[in-house]
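One chain follows as structure tokens, the form predicted on its own.
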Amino acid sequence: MDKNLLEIIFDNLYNGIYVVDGRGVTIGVNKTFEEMSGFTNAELVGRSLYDLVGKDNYFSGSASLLVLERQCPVTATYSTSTNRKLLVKGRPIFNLAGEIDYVINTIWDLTVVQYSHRIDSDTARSKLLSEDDIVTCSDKMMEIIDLALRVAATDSTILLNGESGVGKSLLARTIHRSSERKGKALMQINCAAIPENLIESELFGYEGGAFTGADHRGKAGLLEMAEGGTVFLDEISELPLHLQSKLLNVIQEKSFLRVGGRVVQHADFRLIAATNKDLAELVSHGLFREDLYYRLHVVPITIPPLRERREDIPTLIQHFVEKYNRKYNSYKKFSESLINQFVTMTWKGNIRELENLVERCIVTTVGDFITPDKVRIPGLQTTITPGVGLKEMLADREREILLQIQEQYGTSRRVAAVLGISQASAARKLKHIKVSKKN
């Protein structure tokens, strides 16, 4: 293909493109990325992402650096110093020797103009939560993100399913940011966090004097404030039955009345709901309206728990370590053996639990190199994967021991001396581990 035509295509793609080499040095960006980021190709070319990423720097994070570390495709979101929120899909390009020559990044602009009024104490964390990032190298999660980006362009109702802590709120915000409504408000409310006697007025608003203690001026509800934007109802299973009926009517009629009101309010918003319970089972027990369930179940997206995408754990650990190192001005690092131990944990609290434990390790351990013997977690449990035999478990344990000793002593000669094996054997085992890690 003609070189000039390739350049025309490169600079006229809808998505931003960012290309780096195997050392993390910027090779070039296209014009779309220049427009969405506010940085020029001339500013970035020849500069290492290791120098561009960090607090108060060009970028808050980098998919490319995660790709180079994990040796696999990574999807991540990060912010820029020009107040842009970007979603990046980084893909490594390997040479015949199995080394990364390039990382090709495809970028979406997720910038939101403004988040509006906070409804409850849980929602009041939205500003902090909006700074969270998606980080994944899991094929399952990449498929989910691809689906989310496709449906974001529509106005279809979305139902997010998944255990507590898997990232339902984060995905809801990503969908809003990727939609045509991103310039309007994203209104979030946790249906389980507000007393039943208050949730109706918070959702629908009320007229002055509608009930004892009501503001005489009245108050707009979440649905009004979301005009033109998105409504995110978290823990929708906790919505009282009588309000389920009223919400169903809003979805069908695109209108509603305030509490105590007579003036019909127009409803123009996109609805995203989330639950950590099986709504179909609740329907079968009469605890959730069947008609509302089908109205919500237009585009169901199920986010798998962390224990079903363990390949994400090392990548998330690295991301959280970097995040809290920046926050606490530290330079700590997890040993490979500790990361392997974390990979085997049950993670009932999913990503939220993992992040909390990483932060705890950063702030409570002494020294910059964190090993399993420095971490004390009450009730720490590991799992044994069904179908994995003794040979595989012993191989995993040998790998942990070799990596831990290599981290402490460096050379294969010293590793051999500590373990009482020949240097040739130690070198062969370590080389095998390196090759396995790349694959």
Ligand SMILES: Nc1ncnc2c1ncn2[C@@H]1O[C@H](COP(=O)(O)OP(=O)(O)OP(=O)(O)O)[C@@H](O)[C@H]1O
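Everything quoted here is computed from the prediction, not taken from an experiment. Residue indices: 1-based, along the sequence shown.
What comes next is about the form predicted in complex with the named molecule, which is not displayed.
None of S164, S284, S255, N197 but one reaches within 4.5 angstroms of the named molecule in the predicted bound form through a heavy atom, and that residue is S164. A heavy atom within 4.5 Å of the named molecule in the predicted bound form is found for exactly one of H319, K85, K182, K89: H319. In summary, the region of this chain contacting the named molecule in the predicted bound form, judged by heavy atoms within 4.5 Å and restricted to 97 to 105, 348 to 356, 293 to 301, 246 to 254, corresponds to 348 to 356.
Taking the partner from elsewhere, S178 is found to have every heavy atom lying beyond 4.5 Å of the named molecule in the predicted bound form. The closest heavy atom approach of E202 to the named molecule in the predicted bound form falls outside 4.5 Å. Within 4.5 Å of some heavy atom of the named molecule in the predicted bound form lies at least one heavy atom of L170. Shown alone here, A226 lies farther than 4.5 Å from the named molecule in the predicted bound form, counting heavy atoms only. In this stretch, 228 to 261, the one residue having a heavy atom within 4.5 Å of the named molecule in the predicted bound form is D234; the partner itself is omitted from this view.
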